[in-house]
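Two forms, one protein chain; structure tokens for each follow separately as structure 1 and structure 2.
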Structure 1
Amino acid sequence: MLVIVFGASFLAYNLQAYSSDPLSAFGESTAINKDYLIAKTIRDLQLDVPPPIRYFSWLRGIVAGLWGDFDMGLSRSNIPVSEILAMAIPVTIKLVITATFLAIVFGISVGMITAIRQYSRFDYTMTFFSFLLFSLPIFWVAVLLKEFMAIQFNDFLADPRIPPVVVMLASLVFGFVLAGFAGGTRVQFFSVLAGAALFAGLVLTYVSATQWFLEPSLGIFGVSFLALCNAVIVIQLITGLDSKKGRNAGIGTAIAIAVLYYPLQLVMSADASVLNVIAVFSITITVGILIGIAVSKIDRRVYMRIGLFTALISTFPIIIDRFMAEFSDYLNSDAVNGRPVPTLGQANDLLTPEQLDNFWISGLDTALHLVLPTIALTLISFAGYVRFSRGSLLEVLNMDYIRTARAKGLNERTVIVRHGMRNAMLPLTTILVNDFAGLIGGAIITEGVFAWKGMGQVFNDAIRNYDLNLFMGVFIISASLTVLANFVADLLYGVVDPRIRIRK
């Protein structure tokens, strides 16, 4: 591995050194002391030393890391490269982690559903959309998102009523998506469509009529409803809905969440911190697990899992609801001035110190700054996962052991969830691990259009400013991570697939 990183860095260093000319900036200079400035640049960047030799003086700083004297050199703006990277890495992680997580979860689930409903309307629609999204350039997606979800939405907030036509159209679209999801006969399709559209229509009308956007909240009803939906999905995935104990565990947890709604508000006070959020999660998860234990005598682990996942996922609405409670104050503060969704940036620079100290308001601010880039990144990378997981699951479903499983009378749910999905995850492992490594390398364009200074922008600046040390700093991190990720992927294979496990 070290040899690969060494070779790659040597090549990259020389390619970059030979292809850039820091002195070209002086071509248009009319400075009186131009000659002095040129001589200075040559001196500071050691341009009189041939790049292959200069490489080793750079390498010495890296190798010195072995005895704790790590030195990546100075950037051209006289700032240690390590300091710049230390600032950029967290920014990049913050930007891409949610997007990647969402893309993986949604991409894989949608992909698997399309595989199960192969050649259905839903499959065709999702295939169409995933190819569409796949081919969209992100800077253009970003422009559209900014126009509609920031600028127009903020304008809309001045008078947050949804026109009835929009309500109807949106409800229909929602109905179609859900109906396609469910599949089945034509009658089933239309009844799901109608039900979903009716539901969406009611929600939207409520939102519009109460000007919900100005003071959003889920309330105990919203939280309970989401917990219930979520319990159903978790039960279906783990035991199937026909398991009585499963139902008891899942729905019991959902009810517990609803009961805990008011007590938990006390934990999430105005002077809360991350610790309080962790406390909320610990409480709900403990309750979920206890309910799992309570409803069963044998196979407790299964029901504990139902309780755990239902509680874990259902806690998010509670937290989100708490953030929403601050929205109105945030919206009307001087710093925000009625326009809450920013088109770019990492934080609102005008928040008062009191606002910054309030965990909920500063968290809300961060979340709002993350909304657009996260959607953009999710949309783009979502498509790849959809295609990959669809193909992977289809391949698995054609295997002999799936036929065997069906032949021995297992129900469809067990066949797909236990035998199908698990095996379909194998080839996805490599992609996932490499994607995570690639993340740290940054998203040059996304960071650019949303004005986030992460690794991608640092890399871009390094190239533009002929900043060799900075360039190499980003390169060495990306290269090491890629090599490391491949190694981890190999190990993970062993974990996921018993056949590849290293034999003793």
Structure 2
Amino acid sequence: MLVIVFGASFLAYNLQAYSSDPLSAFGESTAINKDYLIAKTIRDLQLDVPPPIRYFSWLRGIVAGLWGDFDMGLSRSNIPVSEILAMAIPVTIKLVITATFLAIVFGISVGMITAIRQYSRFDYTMTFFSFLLFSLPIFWVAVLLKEFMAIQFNDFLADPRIPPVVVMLASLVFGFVLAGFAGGTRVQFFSVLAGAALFAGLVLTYVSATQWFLEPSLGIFGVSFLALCNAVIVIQLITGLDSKKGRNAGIGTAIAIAVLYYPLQLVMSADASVLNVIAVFSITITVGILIGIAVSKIDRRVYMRIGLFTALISTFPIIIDRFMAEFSDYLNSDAVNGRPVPTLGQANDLLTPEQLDNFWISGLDTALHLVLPTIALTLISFAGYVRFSRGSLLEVLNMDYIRTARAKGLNERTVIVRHGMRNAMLPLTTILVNDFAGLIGGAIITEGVFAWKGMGQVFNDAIRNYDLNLFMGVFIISASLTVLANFVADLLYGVVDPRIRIRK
């Protein structure tokens, strides 16, 4: 790993040094002290020293970190590179972690469902959309999001009433998507389509009539409904809905989440912090695990997992509901002026100190600034994960051991979840881990479109300004993370596939 990082950094340093010319800016200069400025630039950047030798001078500061004297040098603006990166890395992590996580979860889930229902209506539809999204340039997607999800949505909030035609079309789209997920015979498909469309139509009509967008809230009924839906999904994946104890663990946890809704509001006061959010998750997860333990004395770990994952997923609506409670005050504040979805920047600089001290308002501001870039990155990455996971699972489902599992009489859910999906994750492991490392290196185009000062923009500025130290600072972090990601992927292979584990 060290040899690879050394070789890559040596090549990158020399290629950048030989391809750039910091003195080109003085070519058309008419300054009286032009010769002095050229001499100063040569001295400051050590341009009279061959790049290979300069590389080892730079490397000495990196290696000195072993004895606590780490130094990446100064940028051309005389600011330590380490300080610039220390400000840029959190920005990029905040931007890409959510997008990558959502793309992985939804992309792999949809991809595996399309593989299970190969050549179905749902498979053809998602294949079409995945190829469509995969081919779209991200800067164009970002511009469309700015227009329709920011500018026009902010205009819509002036009178948030949904036209009947939009309600009808949105309900039909939701019905088709849900019916595609459900699958089944033609009668079942159209039954789910009608039920889902009717449900969506009623919800949208209620939202429009009550002007829900001005004072959004999930409330105890919304949280309870989502908790029940999460419980059904978790039960189906772990034990199947035909397991009585599994149903008791999942649905019991969902009921407990609903009961805890009001008591947990006391933990989430206006002067709350991240610790309060962690406390909420700790309480709900503990309750879920205890319910799993109480359900059965046999195979407790299975029911504990049902309780744990149901509680974990169902706690997010409670947290989101608490953020929604502050939306009305945030929307009507002078800093926002009725236009809550921003198109540029990573924070609203006009918020008052009192608002910034409120954890929920400051968090809501951060979340709204994340909406557009997160959706842009998620859509593009989502398409890739759909294709990768679909192909991987289809390959696994054609293996001999899958046919053997079916021949032994195992039900289809067990064959797919326990034998198929786990082994299908093996080729995806490298992609997943390397995507995290690559994205932390910087999303240059997305950060540029939305004016985020993260690693991508720092890297772009370093190239444009011939700032070799800053360029190498970004490169060494990206290279190290990439090599480390491959090492982590090698370790994860043994977790995903027991055959790879090394035993004494």
Partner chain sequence: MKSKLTLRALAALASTALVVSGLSAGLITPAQAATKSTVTMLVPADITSLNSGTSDGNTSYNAIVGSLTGMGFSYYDSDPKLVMNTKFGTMKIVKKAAKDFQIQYTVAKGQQWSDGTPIDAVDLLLSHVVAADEYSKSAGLGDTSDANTKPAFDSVSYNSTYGQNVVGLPKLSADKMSLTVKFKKPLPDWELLAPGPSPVHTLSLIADGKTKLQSASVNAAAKAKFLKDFTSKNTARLKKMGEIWTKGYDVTKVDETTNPLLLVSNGGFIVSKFTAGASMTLVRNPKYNSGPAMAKKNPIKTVVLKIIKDNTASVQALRNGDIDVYFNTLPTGNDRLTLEALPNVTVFTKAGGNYSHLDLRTDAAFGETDTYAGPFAGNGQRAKDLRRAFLLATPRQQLVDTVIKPVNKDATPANTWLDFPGSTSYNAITAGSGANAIYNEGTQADRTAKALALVKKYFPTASADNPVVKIKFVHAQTSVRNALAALIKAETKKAGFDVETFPQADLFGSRSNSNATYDVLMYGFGLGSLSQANGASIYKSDGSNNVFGWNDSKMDEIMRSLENDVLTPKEITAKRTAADKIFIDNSWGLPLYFNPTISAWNKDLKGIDPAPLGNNITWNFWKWSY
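Quick note, the numbers are simply positions in structure 1, starting from 1. Here, rigid core means the biggest group of C-alpha atoms that superpose within 1.5 Å across both forms. Quick caveat, the model's predicted, so the values are computed rather than measured.
Matching each structure to its source, the form predicted on its own turns out to be structure 2. Residue displacement note: residue 463 has its CA displaced by under 2 Å between structure 1 and structure 2 (rigid core superposed). After superposing the rigid core, the Cα of residue 451 is displaced by less than 2 Å between structure 1 and structure 2.
For residue 37, the Cα deviation between structure 1 and structure 2 after core superposition amounts to 2.5 Å.
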